[in-house]
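Here's a solo chain for you in structure tokens, the form predicted alone.
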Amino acid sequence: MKRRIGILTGGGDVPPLNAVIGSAYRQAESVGVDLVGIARGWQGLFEMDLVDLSRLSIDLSIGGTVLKSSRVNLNKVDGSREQIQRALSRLGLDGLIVVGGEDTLSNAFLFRDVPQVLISKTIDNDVGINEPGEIVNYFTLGYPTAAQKISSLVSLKEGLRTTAYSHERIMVVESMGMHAGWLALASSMGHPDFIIIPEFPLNYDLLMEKVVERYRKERSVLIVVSEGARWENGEYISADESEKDNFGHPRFKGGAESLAKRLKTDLKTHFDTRNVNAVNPSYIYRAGKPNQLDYNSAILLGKEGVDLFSNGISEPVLLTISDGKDGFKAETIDLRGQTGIDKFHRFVDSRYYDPAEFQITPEGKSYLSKIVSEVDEVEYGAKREITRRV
């Protein structure tokens, strides 16, 4: 009997989502599986809002998702489990491919008896497993493209370093990342002066001391700060705790702006601070087309997701990208015994980040070097030497 499965995307969009959808559809066609699109994530299942993928012209190189998205916490919807079960039965679906971040994937654990392939995607790179000495699944979909963007944004070759130098500015650039600093860490490949991430509360006095020292020497400073970064007292640099979403996340409202404002005030005793500025690219990080690594990974995961159903999975599994001897590959992680996707939070630790220097460690750079290209270090250093003499 022909298997019939659904595919949905939820949470924030990332560039390679259409590549996953298109790849899964092509593989389903080739192996005789009926793949049905579900519009607007889990919300679309409530409303049984289906999309006939055969009628769509899916350009796999365009970002976003043709299936659109939503952010629904099924734990907070009365009777949600029964409604979803009824919808699956009425639609004749044998299982689901769920593409999402922590919040979207967490809903899948309400339906342990439903075969599901969970594919993690988030530019925050914070859904996965870190073990001492290794990273089990290497990155989430969307992270390679966003990592490339932020490293380019702050670089001398392509980004804000030229403006910072030309106008002798201190520029504070905001990175997405509510709880994990992986995206901010990726900016290191573009050589910002300092990086501030949520996992390590900010020693503000130490940062100010280093900013003064660097500015007096270089006459410009670039700082990258995650939106979810915290002061030493544990409070967010900038967040509205009174306006939380369905998953309990506060609304972040400008960490770069708040930090720049404080620096502008506190650095007045050292030099003119009119040129202390904040930059927040916001959704630009996750918009647009995927880079080649993101695209190739999405094609791989879409195909493998369908093949897992052809091989007869009977419960949820996590499908990820891992680093093999011959390059990146798809890997299935067994979720038996796991109570929720929250057990798969992945944070930056002291292997990859030095809080005393506000910078990436050599081990962190080694990890990132497989995902995003670094601005040529020799050329970068030479140009800094030239600018010092101006």
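Just so we're clear, the structure is a prediction, and the values are computed from it rather than from any experiment. Each residue number is its position in the shown sequence, starting from 1.
The same protein has a further form, the form predicted together with 6-O-phosphono-beta-D-fructofuranose, not shown here; the description that follows concerns it.
Contact assignment for 6-O-phosphono-beta-D-fructofuranose in the predicted complex, among V211, M178, L267, V114, heavy atom within 4.5 Å: Checked against the cut-off, the match is M178.
Which pick from R71, H191, R219, K289 sits with a heavy atom within 4.5 Å of 6-O-phosphono-beta-D-fructofuranose in the predicted complex? Only one listed residue qualifies here, and that residue is R71.
Does I123 make contact with 6-O-phosphono-beta-D-fructofuranose in the predicted complex, using a 4.5 Å heavy atom cut-off? Judged by the heavy-atom cut-off of 4.5 Å, I123 is in contact with 6-O-phosphono-beta-D-fructofuranose in the predicted complex.
Does any heavy atom of H167 come within 4.5 Å of a heavy atom of 6-O-phosphono-beta-D-fructofuranose in the predicted complex? Although 6-O-phosphono-beta-D-fructofuranose is absent here, H167 would stay clear of it in the predicted complex, with no heavy atoms inside 4.5 Å.
Residue-level contact is defined here as any heavy atom of the residue lying within 4.5 Å of 6-O-phosphono-beta-D-fructofuranose in the predicted complex; does K157 satisfy this criterion? No, K157 stays farther than 4.5 Å from 6-O-phosphono-beta-D-fructofuranose in the predicted complex.
So, in the predicted complex, is R251 in contact with 6-O-phosphono-beta-D-fructofuranose at a 4.5 angstroms heavy atom limit? Residue-level check for R251: yes, a contact with 6-O-phosphono-beta-D-fructofuranose.
Based on heavy atom distances of at most 4.5 Å to 6-O-phosphono-beta-D-fructofuranose in the predicted complex, which listed stretch, 115 to 123, 211 to 219, 270 to 278, 87 to 95, is the contact stretch? It is 115 to 123 that comes within 4.5 Å of the partner.
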